[in-house]
Structure formats: structure tokens, C-alpha cells
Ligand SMILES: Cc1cc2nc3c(=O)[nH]c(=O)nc-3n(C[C@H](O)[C@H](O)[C@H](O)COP(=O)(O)OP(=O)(O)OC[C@H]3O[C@@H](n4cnc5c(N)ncnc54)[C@H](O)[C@@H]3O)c2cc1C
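There is one chain below, alone, in C-alpha cells, taken in the form predicted on its own.
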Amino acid sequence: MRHVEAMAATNRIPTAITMVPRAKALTSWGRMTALGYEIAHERLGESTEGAALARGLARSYGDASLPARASDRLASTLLADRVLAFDPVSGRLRAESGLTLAELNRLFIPRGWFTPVSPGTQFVTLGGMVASDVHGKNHHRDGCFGAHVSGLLVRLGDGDLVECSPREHSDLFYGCIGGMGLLGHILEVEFQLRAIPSPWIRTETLRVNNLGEFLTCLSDAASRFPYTMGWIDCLARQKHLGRGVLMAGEWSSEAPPGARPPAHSLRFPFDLPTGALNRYTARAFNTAFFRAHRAGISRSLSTPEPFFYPLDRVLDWNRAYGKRGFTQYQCVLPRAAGPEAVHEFLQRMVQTQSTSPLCVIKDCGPEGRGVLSFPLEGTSIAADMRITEETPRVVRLLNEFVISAGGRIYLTKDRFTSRRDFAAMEPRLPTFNALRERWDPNRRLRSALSQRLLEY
């Protein structure tokens, strides 16, 4: 693999060293907080030594990036964001784990390369993409991000540095893929970029009238497009249950004449009052959004930002849920459970009346090899919920159905699932626990999530 000097020159070379001298409140994207120490250092080989957890932009919604104890030290990866090597022929890239997807896109899309899998925001780091084994609109074809990773440099809980891959320490490698940072601090990531013919996406949008129609259209679009997903009006009932908008796309070989770069992002200026985003305002938004899309198919060309990252256009959009914050319930229901299971789940979600304007449905392909990776072949549904006194009960009710259907939840978005529910929905848990016993027997690596779901 050849090093690219020009690439290093454009990539930010961090020099600052920041140390937080005392415990402070650390926050997740869902605005959950916990006390702990966080140290940012450009040399992860030093800052991760003795750390309980590493974290990047803290975009996990719940407690995955938060310390288990107020005395725990976290290593921020954000100053370690260098591109270490890139082969312009094969597209193989190696970088430090703090490199953000936004920076990766800025560097490589103009050069004709794109990440093989992208989540719904580009404000994540490579380390976080591995730890969550993120999935995207192309999971039905390309699986999770971990399927395209060929090597990791990991610092273990005992301080050792280990290079792992599908051939070398493969159990550690697949444990780290989707392992929520609990088997080792991820210092470097090597993976395969995808060649793209242009920085433009050919998109197709279709308004859909109910869930049965949606599942059929989603399956049809998945056979024709590499990228598919849908927005659902999760407050619509009866014959309108599951109505929404299906979006599909593929890279275009041509740029439109007179094309302009996307507009700059806006910033959400303040916290909305608690309760401002409720089922009444959500219902009004959902109805307006659904009717804003005309019946039939609409086709257009799009840049990657509005297609892959529509919410990134409004920075700090999590402030719309107020200071109490929010969670996102994301589950996947196996194909074997049939469309009846998706219908029943959506009905239960509607009955809770706790969901927001953001509800997404996606088609998932076969289960990946990451020991705790989220997706399995079936249908994924995700919905934001503002935090109320009722939220834990709603999560229990939804978990009850997901477990009965043979599904599971996405840990990166979770905040309220109990240890008992997690064990009931996760047959791979004994395998993961055995890996922790082998690679971190003293449980030096931990998070608030591991304390909640794994006892330590």
C-alpha cells in the first residue's frame, strides 16, 4: 500500500494536546449524561493506555459512549485523524480511528471514491463505524461496514497492541466489529473504498399509501437499486397504517449541467421546550411531509449530502427534543417472521403514541460476521422518541414483541433495554462474553452500556 503525501497534506495534522483535569458531565447524542474524565491526544497509543473506553464524536444515542463510573477515563480519538496509507489503484485505505466520515468524504469523493457503507450521518468516526458496525441504505446488497474492513490495530485492556484481521486473531477482529468498543480500543482501521463514477446520485422517490404496499415496493426497489430506504408516517392508522415515502438511488455516471454544490448547513439555535415535539405536532408534520410528495414516481439527481445525510443539514437537531433528550428505538424483524410481524410491530408502535416525525424503514440483507452486529435478514424499523416518564415502559412493550418475533435491537441507539431483554434477544451473547473473558478478563474496558447490559 502506497502512502499518499498529497493526501496527508490536505488531511489535518493535529498537534494540540487537551487534558481534562477533573471529572465532568459527558453527553451522548440523545443528551444522556454521565460523569467521567476525557482526554484528547493525537497519539492514541498513549492516550488509550489505561483508559476504560475510547470514543469519537459521541453520536451514539444512549450510553454506549459514556463512562460506567465517574472515576473512569475515556480516550477521545478526535485528534488522531490522519490518513496513513492509500492505494489509488485498489482503493484500499488505512487511517487513524478518529478520522471522521465527513472528512473522508471531503477528501475522497472528489477523487472518485466513497465509503462502502455509510450510516445516516457523516458526523461519525472510523472507530465508531467499526464499534457499531454501522449499516446503511445498501445493507441488502453490501452488508455492514465491517464486511469491508480488512485490518484493525487494537489496544487491549492489558495494554498490549494487537493487529487483527480475518486471518490474524480473527476472533478478536470479529468481536471488535460491532463490539461497542468493549474488546479493545480501535486505533487504526484498514478498509476498502468504493469507486464511484461521479459525485452525483440518481434518485427515485415514490409515495406509498400503506404498509403492505410499502413492503412490496421496498423489495422491488432493492432488486433495482443499491441504496433504498423509506420514511413512514408512524402515527397514521387503519388503512393508512405504514404510509410514507420510499427513496432509492444509485451513483450517476453524469453530472447535471449547471450543477451547484449543496447549501451550507444550518444550526438548531436553542433547546425547544420539553413537550414541544409531541404527537400533535408530529402528526401535523407527518401529514404535511406525506402530502408534499406527489403521487407516483419522482426522479432527480442529488449530491451525496441530502441523499445520505439529510439530517446533517441542521446541526444540533437533537435540541428539537428539549433538554430531556430522546432515544431511538431501532429493531430488525427477521424475514422468516413475515410481513405480518412488521404490520403487528408498527401497530404496537402507533398505539404507544410516543413516536416522532422520524421513522425509517429499511431492507436488511444477511447477518454479518461481527459477533454482535445488529442487522439480520429482514426489515428494520427505527423511530425517535422524546424522553418521558413512559419511555422505559414503551421500550419494554416493543422489546416484548421483538423478542417473540426473533428480532433484535440496535445497541448504538438503545438506552432503556434491560439486561434480561437483551439476553433474550441475543443468542450470540455467550460467544461475546467468552471473547471478553479471553481478551479482557479483568474487565478494564467498560462503558455505561456494558454495565447496564452485561453487568460490568
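Every value quoted in this text rests on a predicted model; they were computed, and no experiment measured them. Quick note: we count residues from 1 along the sequence shown, nothing fancier.
Beyond what is shown, the protein has a form predicted together with the named molecule; the following relates to that form.
Spot the stretch among 84-92, 196-204, 234-242, 133-141 with residues whose non-hydrogen atoms come within 4.5 Å of the named molecule in the predicted complex. Selected range: 133-141.
So the named molecule isn't shown here. In the predicted complex, which residue out of 32, 398, 58, 51 has a non-hydrogen atom within 4.5 Å of it? The option sitting close enough to the partner is 58.
Sort through 225, 345, 114, 317 and report the residue having a heavy atom within 4.5 Å of the named molecule in the predicted complex. Exactly one listed residue reaches within 4.5 Å, namely 317.
Any chance all of 67, 373 and 452 sit within 4.5 Å of the named molecule in the predicted complex, going by non-hydrogen atoms? The answer is no: none of the three residues contacts the partner (heavy atom, 4.5 Å cut-off).
Heavy atom to heavy atom, is residue 180 within 4.5 Å of the named molecule in the predicted complex? It does: once the named molecule is placed as it appears in the predicted complex, residue 180 has a heavy atom within 4.5 Å of it.
In the predicted complex, is there a heavy atom of the named molecule that lies within 4.5 Å of any heavy atom of residue 119, even though the partner is absent here? Heavy-atom contact with the named molecule at 4.5 Å: present for residue 119.
How about residue 97 - does it come within 4.5 Å of the named molecule in the predicted complex, if we only consider non-hydrogen atoms? Contact check for residue 97: yes, within 4.5 Å of the named molecule in the predicted complex.
Classify residue 412 as contacting or not contacting the named molecule in the predicted complex by the rule of any non-hydrogen atom within 4.5 angstroms, answering yes or no. Flag for residue 412 set to yes.
Looking at the named molecule in the predicted complex, which residues in 159-198 have at least one heavy atom within 4.5 Å of it? Result: 180, 181, 184, 185, 186.
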